[in-house]
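Only one chain comes next, encoded as structure tokens, the form predicted alone.
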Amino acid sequence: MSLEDRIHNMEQCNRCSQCKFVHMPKSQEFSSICPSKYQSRFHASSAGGQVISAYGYHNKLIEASPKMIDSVFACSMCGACETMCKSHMGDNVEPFDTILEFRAQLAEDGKVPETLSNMVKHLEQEGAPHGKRDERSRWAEGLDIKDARKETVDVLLHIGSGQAYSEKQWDNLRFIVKLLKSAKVDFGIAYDSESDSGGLAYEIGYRSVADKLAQEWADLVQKSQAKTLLAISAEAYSAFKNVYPRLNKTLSSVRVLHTTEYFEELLQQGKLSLGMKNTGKVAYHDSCRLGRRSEEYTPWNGEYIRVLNTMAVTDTPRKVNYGNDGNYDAPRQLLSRVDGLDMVELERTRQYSFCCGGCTGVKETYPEMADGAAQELLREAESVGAEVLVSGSSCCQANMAAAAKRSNSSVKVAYLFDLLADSIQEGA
């Protein structure tokens, strides 16, 4: 697919601005859905604005000015615009796919911010946006985890670059390993042979790098003979379900699960149990990659045809993703099992969740955008009386926790497994 293939969709955008706002919001204060537009207050930063820019750029009506490039890459690719647009326009516009193709064209033309292009170069060299490949499994030293490159395993654990290289996250990783061992799960890791999922390179626009990384991992999964691919990283989980089908990569017949889903299964099977009481008022934030961006993508190779010389329709049935089938329930079910925990919902939840702005290189390239989006979420948490804002994504948790520290917010930000650490007990 290319921008040329998206002409029909781009021409369907009527600038209704539905991509910017929550449908039927509970309040005007928290009615925005697009972090980029919320921060910039500039139409070009919204999905509708980016579609117009893409159309103009493709047709050589405008050039890639620095401001236009910023309006494109300050977007965290959270996919909220897609959910909002489709609720109004069905699959006629699909702005997210256009933005993906726009980024791919800008990358091909060398019009990507230097910080992002350097991250991709590092991905090519080391299999991660930062850190050295031979340091990827330092967190696992002394844990005696099976090497999935040499032994068959039932469950192949994918760590993800964010947690593998952040020492602040290593306790979480070791806790997850401890629980898997306690539940007698036959699992292993790929140690330093694990690469980034390829999702980051794909979303920035570097298709060939994404393809190479995805193929490397798909080959390793197949050789492992694992029945389940267990993703700790929300970003990798999203890539396996939403990006790999776009790259025509298959993960053989393995089940792809996030740790929140898998540990809920273990609890249901009685292989783990919850014990200690953990009191407090907690709000769960649906991160984009665990939520709407984890909805499985189904490739479609049909064509649009004209009906009555006016309306364009698909010549064969096509699955349309609305963001409804993301991983929303498992994290809430885990939290609901903790005795004494008072769960409250944010105004914007599930497929209508507001993105924290911390992923896809936004935090590194446009830190003020990432901070502003996170501060908005902290305000939302405060408004519902939450004492703790919980995330199932370590990337989101790190961004929101840093924002809370900068603003002296009364809300504590916690990673889901940090919160569960005192409650989950080993064995039944």
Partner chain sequence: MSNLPPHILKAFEAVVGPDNVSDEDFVVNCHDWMGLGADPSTRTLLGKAPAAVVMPGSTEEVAGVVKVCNQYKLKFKAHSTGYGNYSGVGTKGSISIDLCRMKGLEIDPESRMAIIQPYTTAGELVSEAHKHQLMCHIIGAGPIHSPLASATSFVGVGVAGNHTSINSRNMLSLEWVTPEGEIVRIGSSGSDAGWFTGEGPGPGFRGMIRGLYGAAGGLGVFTKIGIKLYPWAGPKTLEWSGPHPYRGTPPPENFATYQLDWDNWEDATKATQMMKNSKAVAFINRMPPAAVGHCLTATNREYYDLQRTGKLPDIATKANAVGWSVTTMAWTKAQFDWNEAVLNKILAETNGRKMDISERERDILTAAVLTSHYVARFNRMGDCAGVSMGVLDSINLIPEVVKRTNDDIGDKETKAGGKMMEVDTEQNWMWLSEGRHFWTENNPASTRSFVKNIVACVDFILSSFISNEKKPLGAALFVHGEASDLFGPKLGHPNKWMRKVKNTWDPNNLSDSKHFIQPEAAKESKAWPIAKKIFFHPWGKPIFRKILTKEFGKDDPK
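All of these numbers come straight from a predicted model, not from anything done at the bench. Residue numbers count along the first chain shown, from 1.
Another form, the form predicted in complex with the partner chain, is not on view; read the next lines as being about it.
**Q** Is Tyr244 one of the residues lying within 4.5 Å of the partner chain in the predicted complex, judged by heavy atom distances?
**A** No, no contact at 4.5 Å.
**Q** Answer for Tyr322 alone: is it within 4.5 Å of the partner chain in the predicted complex, judged on heavy atom distances?
**A** Contact with the partner chain, yes.
**Q** Tell me, yes or no, whether Met311 is in contact with the partner chain in the predicted complex, where a contact means a heavy atom of each within 4.5 Å.
**A** Contact with the partner chain, yes.
**Q** Just to confirm, Leu257 within 4.5 Å of the partner chain in the predicted complex by heavy atoms?
**A** Judged by the heavy-atom cut-off of 4.5 Å, Leu257 is well away from the partner chain in the predicted complex.
**Q** The partner chain is absent from this chain, but in the predicted complex, do Gln18, His23 and Phe42 each have a non-hydrogen atom within 4.5 Å of it?
**A** Yes.
**Q** Specify the contacting stretch among 370-378, 385-393, 399-407, 52-60, defined as having any heavy atom within 4.5 Å of the partner chain in the predicted complex.
**A** Going by heavy atoms within 4.5 Å, the stretch is 52-60.
**Q** Within 88-102, which residues come within 4.5 Å of the partner chain in the predicted complex, counting heavy atoms only?
**A** Heavy-atom contacts to the partner chain in the predicted complex: His88, Met89, Gly90, Asp91, Asn92.
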